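Presented as structure tokens, the chain that follows is alone, the form predicted on its own.
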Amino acid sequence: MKTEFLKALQKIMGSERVTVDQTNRHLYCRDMMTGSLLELKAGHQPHLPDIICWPENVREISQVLKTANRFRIPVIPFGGGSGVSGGTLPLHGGLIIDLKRMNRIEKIDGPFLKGIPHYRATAQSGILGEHLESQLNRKGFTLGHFPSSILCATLGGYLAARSAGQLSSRYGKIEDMVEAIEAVLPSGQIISFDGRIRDYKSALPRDLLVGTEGTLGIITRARLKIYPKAPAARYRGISFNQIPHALTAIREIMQSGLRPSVIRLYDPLDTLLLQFGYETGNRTFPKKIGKLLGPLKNNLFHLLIRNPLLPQKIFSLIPSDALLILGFEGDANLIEEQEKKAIEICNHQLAKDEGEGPGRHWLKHRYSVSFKMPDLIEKGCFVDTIEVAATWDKLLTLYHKVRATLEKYCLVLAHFSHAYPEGCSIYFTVVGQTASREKDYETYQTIWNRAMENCLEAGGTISHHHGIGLLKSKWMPRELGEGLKFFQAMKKKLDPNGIMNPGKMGL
């Protein structure tokens, strides 16, 4: 059967864009999920796809899906492979469809004037985020979407996982930017999800597929809102003695009607480590410690990482504030007034204005953190990020509950970002190391189990912008409750043979 399927694919695309070679099968066996890397390091066998193909247009994808459906072959859509939730792992083998050859902006149009100028761009889903943004910039526009993965994630990945960028407080998440999508269903049918559903004017057809991680079909192009590039921007840092005071300030800023482009609060430990990157007067303590330890610092590093309660106790004794990075962009006069108003709100919570330095430093290095993770992995550590969210009344409880639980297993840093009038996301970074690779993997699983259980118990949501994938699948019944039945019914209707990305999102 597999040979017949392979021949059918080669007939559709030619043999040069279909492969079964071992190198590619291993290259496409995982995404950036830490857990699958730890599994490999512990000697577990990876989930290998059987075939990889690279279609160049929607007609080819339609024929491929129709053929895979006929042969009952599992299909996994693949963009940049930058996902961190295992959304592209081929759990049952099957076919990987890599969309990166569909990488063009097809049209930029507007303005459509209805009181407010409105522009939009139509792009293929395989385009890399950085390429999309830089091409828009050359035309004087921005999408306003700046996830940390922008250098390696695709538009299709954004849409599949409902991603969020660092300026989400101003531009929204990707689901706020997309107006319409084109998708191919497992039957091979090409459908445009545009406009509104008759008799259900508040329902948007595109929302049926955006965020479903390739479990119902493949998104092939999208029409997106875009904006003229902002003429001016302002950034600064503001420190608070207490996290609750800072969260009160953020909530009041968002509920006042102000729309900062950036609003990120680093907890004291994360703030302390950030000070390695910039200096404001007397903030040279971390550098002095590094010089003092000299060649012993590597041994000390491993000792502390393997005994995480000790360094966290030490860090708690070091005076450190919680640092808020605040940014605005738009008309120069307008954002100056907005910044003044935001600082005024912060000052009601005993804040200290640290000036532009911390904000400018953050802007310069905003993508750096993710690309430093491989350094820690090279040192034998595991590192991961856990993004959850909650309404304001539950946020602080969620933070303390997850942090108190995890710090016995690993070093825990956190920042609060993607703020809304109703609530905010928390982004935990965990770093750990044990005595063996197998123990690393077991500890990693324990960390995720405890974090998700604590999140649900605190009334939070288990995902804000990394998607569900394989990693969070088992908590979907508790996350969605009866809503999961609606999702399952859609799956049964659109994908009755269950070929689309099986084993993900609790399906």
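As the structure is a computational prediction, the values presented were derived from the model and not from experiment. One rule holds for the numbers: they count along the sequence shown, beginning at 1.
Same protein, other form: the form predicted in complex with a small molecule, not shown, and the subject of what follows.
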Picking from 325 to 333, 133 to 141, 348 to 356, 87 to 95, which part of the chain touches the small molecule in the predicted complex when contact means heavy atoms within 4.5 Å?
-> 87 to 95
Is I219 close enough to the small molecule in the predicted complex to count, meaning some heavy atom within 4.5 Å?
-> yes
Exercise: S163 in contact with the small molecule in the predicted complex, heavy atom 4.5 Å = yes
Is S149 close enough to touch the small molecule in the predicted complex, meaning at least one heavy atom pair within 4.5 Å?
-> yes
Answer with yes or no whether F78 is in contact with the small molecule in the predicted complex, where contact means some heavy atom within 4.5 Å.
-> yes
With the small molecule left out of view, choose which of V430, A153, A419, I253 has a non-hydrogen atom within 4.5 angstroms of it in the predicted complex.
-> A153
